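Take a look at the structure tokens below, where one protein chain is shown in two forms, each on its own, as structure 1 and structure 2.
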Structure 1
């Protein structure tokens, strides 16, 4: 049975991940998504073999130094691990403003303590304390030198979201990570049509991506569909309608999945509405963000509608 060695102590790992093994023993390992996406639980092996699965999604330079994701690491033999000296570095940030975007979503704008390289649509980890963090997508545009813009949904019992809703105010200092993620706009095919589908705060990365594409002179169709259970779940509506007014190639379709839809809104599931309007996605680029069930279903259905898997970018949360 494989053992995990950390801080001079040896722990039986069994069939558990390194993260679950260590946290069960009271070892504090920073973590967030526990699904190998956010890279908060990055660790480094100083002895032993790292399974390939535990390095999926890491930069080759990190993998070569034996960094791995603790939540995805199920060792087959003894492994000695340490917390990283590198990876997604942390930095301080000051809160520029806090506002309610709707009753359940908070808009938080941050000034990082040093210049942060990122692309609209990537995400950062926001830390409540040394061991508690959550990932939030960036809706801001670095080209505009905007404050970092996060959209935070209040999660019942959420350790971080409730803390932010109840305590955060302008002028506060907190800690964030560097940006990561591959859900962002890449220039170079200005005539390509792009379909963007979101639920809830999945709108955040897509709001950034749309503005980034328009700023880069994208000329193909940009069609954004945003889904909510009811009318109260929508936000940034005025900003999106203004983009529609300014750009002939951009359209915004808010979809209400339960109850009647008022004028200007579509009644039905957001994925159904998008595919009803665009049943043939051959040659399109697709961005999918938000509810994991929607995102997973949309990946399949947009692929079956003709989109290449290489052109489908998904960020479930």
Structure 2
């Protein structure tokens, strides 16, 4: 008989769903339709096999992180589950290198003290002290066994970013959380076109996602737009140009929103530039990262341009 493990307790599941099993024991799991449709009873498996049926209809990024619907999950073997908001574990990491990527952005590479499971484009929390943390996206690829690669923008008055800019050096130890977030590439549908739009350090997750897609042999178009006020805001330019050289299906368009744009740059807002090039996004996958105003506007505009809500992945910060 399969058991459901939750909150350190083990429950006999019998022929019941995980939802019925837990609620019968007094565990509060939010639920509504109880038919695998409304997705209110979303949970995540941290150990054990999730039956395929329990992930029907879920966003692929959620399924890839072992999220499932408790009402339609009938486990065949023991399964340990948590509610989606359950806290992330912390671990130590040592600083491998620190470098300026441009005048305002620091590239930090970290070696976690134990292997960290993550997808390029997810984020971790980085702790200044026990109570003060900020989230940073992962631009590195786990498959390449690279150190974790973070891009940190100096935020005026920012507690954590200023501390990192002033103090951090190779060899330092600090604390990070496990990775989370659902802005990442899921293999499959390799011919699908993908639009990626970033402002500022929103480039970090997209740099990871682009390389992840290319490494997985993605065949569809990968069109990356990076927006900045002026030329000084761009970074990883040489790396991106090298990817353009190596991959016919990848394009990189830096957009300058204020002032003149030199050759090789587009003048204008990054979202306008992308939609001007691709007015019909039916069937496209879309990634949006960076300034919250841009991300929210872009969510709406790319949805209006035909992208399905289920295919739009966004991370405002």
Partner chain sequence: MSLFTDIGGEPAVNAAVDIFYRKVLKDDRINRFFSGVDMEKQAAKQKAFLTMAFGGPHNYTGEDMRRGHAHLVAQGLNDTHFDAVMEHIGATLTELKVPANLIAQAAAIAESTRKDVLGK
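In this text, the rigid core denotes the largest set of C-alpha atoms whose superposition between the two forms falls within 1.5 Å. Since the model is a prediction, treat every value here as computed from it, not as a measurement. Numbering follows the first chain given and starts at 1.
- In this comparison, the chain shown as structure 1 is the form predicted on its own.
- Core-superposed comparison between the two structures: CA of residue 309 displaced by less than 2 Å.
- The rigid-core alignment places the CA of residue 16 2 Å or more apart between the two structures.
- Once the rigid core is used as the reference frame, the Cα position of residue 280 differs between the two structures by less than 2 Å.
- On core superposition, residue 7 has its C-alpha offset by 19.7 angstrom between the two structures.
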